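Listed next as structure tokens is one chain, alone, in the form predicted on its own.
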Amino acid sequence: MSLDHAATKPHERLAAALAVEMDAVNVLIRDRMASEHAPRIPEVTAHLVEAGGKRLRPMLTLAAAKLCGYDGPYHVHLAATVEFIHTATLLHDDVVDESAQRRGRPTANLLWDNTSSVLVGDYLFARSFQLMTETGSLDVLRILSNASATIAEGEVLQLTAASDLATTEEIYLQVVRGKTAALFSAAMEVGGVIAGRDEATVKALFDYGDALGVGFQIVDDLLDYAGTDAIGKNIGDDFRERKLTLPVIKAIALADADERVFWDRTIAKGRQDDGDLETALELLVKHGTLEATKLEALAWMEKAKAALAPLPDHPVKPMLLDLADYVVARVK
């Protein structure tokens, strides 16, 4: 998911503050996504890596390391690792979702094929593990390898839960914690670990990343119904793909018999007709689930900011606090 073009852009201020380190990360990414024997690999990875994503996750790693006073070289390795893991999951996701667009451009699986996307994603996962080991930290390896497993687990859980009307908010949260928040929290956590900070500090960084990631995904799901096409998403994609996200889960919980029949036909059975998206939107408005979802996202962002409160003052700290506010502020 990308951040939109509102007037206040904390992620851009963060990028400016971390510009030197991010340049080093980008150099390392380009170096490590090269392949002597398989030119298809840099072709596919460059298409996605150079597509103008905000690099938010690697920036979180760099920010956490700076916040903790780290002055060594390995936060750059870890930031590149986080971006490789993220890019690998995007390549795989686009195949699973049969997506045609990513960051406003055709997806790799559309330009090349599904096989290339899956295999290049596998290559990037392997590269990420090579980068992890170069830090010499078993804790780093544990955190990022656990996150990689959790991401995959969350994606598989979503496969079974996505179109099941029995999916609860608790299951939805479990999916979100897996597929999105796990990498946010790990990105923050390893920044503290590589800096050798104490357990309480590392836990605070983890908690910030976890809450930011959950709120980030909730907002992403909300924007699918309450955003505009200008944000880089097609409104109603989740509905068309029969994905049960929080606004719909809340509406199903409040549905009368006729409304349940509608949700069963369109989501569970996948029989969608012209005008069904408009009907779905009317039901979300009727039951107030868009506003309720926004309130949940706001609550998660308050958790994120509270987690950072005990950490030492540093120029990047207010940027991380502003970032939490900005994620939700994108919802008009």
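This one's a predicted model, so the numbers in the text were calculated from it and none came from an experiment. Start at 1 with the first residue shown and count on from there.
Here the subject shifts to the form predicted in complex with a further copy of the same chain, a form of this protein not shown in this document.
Asks: Are any of the heavy atoms in V95 no more than 4.5 Å from a heavy atom of a further copy of the same chain in the predicted complex?
Replies: Yes, V95 sits close enough to a further copy of the same chain in the predicted complex that at least one of its heavy atoms falls within 4.5 Å.
Asks: Quick one: does S145 come within 4.5 Å of a further copy of the same chain in the predicted complex, counting heavy atoms only?
Replies: Yes - in the predicted complex, heavy atoms of S145 and a further copy of the same chain come within 4.5 Å of each other.
Asks: Since only the chain is shown here, I'm wondering whether A200 would be in contact with a further copy of the same chain in the predicted complex (any heavy atom pair within 4.5 Å).
Replies: So A200 does not count as contacting a further copy of the same chain.
Asks: So in the predicted complex, does C68 come within 4.5 Å of a further copy of the same chain, heavy atom to heavy atom?
Replies: Heavy-atom contact with a further copy of the same chain at 4.5 Å: absent for C68.
Asks: Just one stretch in 253-261, 117-125, 73-81, 218-226 has heavy atoms within 4.5 Å of a further copy of the same chain in the predicted complex, so which one is it?
Replies: Checking each option against the 4.5 Å cut-off leaves 117-125.
Asks: If you check R40, K54, K303, H287 against a further copy of the same chain in the predicted complex, which one has a heavy atom within 4.5 Å?
Replies: When a further copy of the same chain is considered in the predicted complex, the option within 4.5 Å is R40.
Asks: Tell me, which of T168, Q174, S163, N234 has a heavy atom within 4.5 angstroms of a further copy of the same chain in the predicted complex?
Replies: Looking at T168, Q174, S163, N234 one by one, just Q174 meets the 4.5 Å heavy-atom criterion.
Asks: Taking T180, P318 and Y326 as the candidate spot, are all three within 4.5 angstroms of a further copy of the same chain in the predicted complex by heavy atoms?
Replies: Zero of three within 4.5 Å in the predicted complex.
Asks: What residues in 137-153 sit within 4.5 Å of a further copy of the same chain in the predicted complex, counting heavy atoms only?
Replies: Residues within 4.5 Å: L138, L141, R142, S145, N146, S148, A149, A152, E153.
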